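Okay, here we've got a single chain as structure tokens, the form predicted on its own, with questions on binding and movement later.
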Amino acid sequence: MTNHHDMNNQEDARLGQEVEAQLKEVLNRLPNVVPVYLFTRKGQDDAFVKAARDLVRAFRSLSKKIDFREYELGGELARKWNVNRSPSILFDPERFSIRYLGVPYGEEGRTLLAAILLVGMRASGLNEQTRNVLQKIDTPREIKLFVSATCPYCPDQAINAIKTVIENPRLFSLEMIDIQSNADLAERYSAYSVPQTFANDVLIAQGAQPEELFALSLEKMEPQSVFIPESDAQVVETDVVIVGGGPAGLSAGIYTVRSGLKTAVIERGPLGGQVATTPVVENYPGFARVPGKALVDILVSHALEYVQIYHGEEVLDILPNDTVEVITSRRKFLCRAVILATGATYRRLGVPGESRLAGRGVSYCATCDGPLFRGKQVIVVGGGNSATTEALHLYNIGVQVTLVHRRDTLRAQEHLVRNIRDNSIPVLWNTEVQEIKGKERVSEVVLYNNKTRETSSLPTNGVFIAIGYNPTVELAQKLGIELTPDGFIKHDSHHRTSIRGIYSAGDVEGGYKQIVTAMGQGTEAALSVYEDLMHPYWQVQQGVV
């Protein structure tokens, strides 16, 4: 009799075979051979080198289009291409200056595959707007991109950089630097948050960007947040526009399309919202424990079967009328209804040093930045589910972590509190962070005990802030939508806001900050939109049949 374990193994094996077959097909269709050269130090055979070698060999085994060779540092080719770190992977170095310092495993496996495919195509695939920006650059840019195997955003920024080099290899060069394999470089550049992008040793971006913003940052040599197209935006006509690609927005997109409404989902940042950076999601129905990024991948894949997603676009304005106009950083949408599923953002402490040292020891994402602090001392600020989950994740990857909470009890779920206690993670009760200190990076925090009224200093290498979220209501405020006293979007039982044709769903409405709650609200909002468009309640109220 076949047990469930065997069945699962068989299903995993079939899935692996299907993925391998698809990769072989894609790689074998490449029009050009891709030289991939691994440089290692003579006699070095540590875990990093072995992992890098195994990864590249695994890809080479899939296709003869990959020409893999290994060379030693100190050799003629290493001198020719100025390679001085082990392991280093170079992609077609005779044509492009694209290299990866370290091991592209975990999330960075996507970067390795993208580099092979793009180099094999020898075509950037950048859109016309991005190419127009890059054409304005007439002096070289040496790009350094700091990444981590646990960062879900890093491959997006890496792909931007790879495409840029392929677009103009004469002006652009790229080093992708794994912070775990090259901790000294991360230290030198104070790159304690990934992804971070430097051009000619100047910081031009923190976090992943749409390709147009990446190009604009590269041109201006400083971080850019808004890209306004120089040409007229493309007009998209649809029934519903959903602003936000988190659990609420994606669920709403599935159900509006299933109801027969043409729909566009617009998301300016990473798809999945906060879930994408949650280390482990517990008790999501159907999964006792599942990595947040894995859950997002499942949700996004499902949504893409139904709805068109416009990723990397920011909604700049919404003009409500019988036909609603939604103006984004790339185009204009004409629709009949809008669902605001804009979610919430990390809440900041607002203390001296927080903004200045952001990305230099101050972090809001343990999943992305935690690996750099292995063996180091950090604090996690907060006492709810987010803070305890972050603290446990850091503890489990080898970080010396202390919780700092302004109250005398934790507000997290009981099993999280129990895990904090069982793992002997220290908690500083009744304690508030008054200041974060450090010259180039975090070195200590000033703490205030609100019970004893004593002030003290605590040396630390990092501060992870997990004190909740602020609703993202800038668009709602611009529209004049009524908010609750707590600052969330006010809505009725059908998720209608105070402006006809504008609906809301998810964390931006307040209430329980749970994935299943947000998805349920997104579904309810979608069905309400369908009912209202089919049977306009305002016409019924006015006596129109």
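Just count from 1 along the sequence shown to find any residue number. Predicted, not measured: the structure shown is a model, and the values here were computed from it.
This protein has a second form, the form predicted in complex with a small molecule, left out of what is shown; the following refers to that one.
The small molecule is not drawn, but in the predicted bound form it has no heavy atom within 4.5 Å of Tyr306. Not displayed here, the small molecule is kept clear of Arg330 by more than 4.5 Å at the level of heavy atoms in the predicted bound form. Contact check for His393: every heavy atom lies farther than 4.5 Å from the small molecule in the predicted bound form.
At the 4.5 Å threshold, heavy atoms of Gln514 reach the small molecule in the predicted bound form. Proximity to the small molecule in the predicted bound form, taken as a non-hydrogen atom within 4.5 angstroms, holds for one residue of Thr111, Thr150, Thr342, Thr389, which is Thr389.
Taking a 4.5 Å heavy atom cutoff to the small molecule in the predicted bound form, the contact residue among Pro87, Gly383, Gly253, Gly272 is Gly383.
Just one listed stretch, out of 410-418, 185-193, 215-223, 200-208, contacts the small molecule in the predicted bound form at the 4.5 Å heavy atom level, and that stretch is 410-418.
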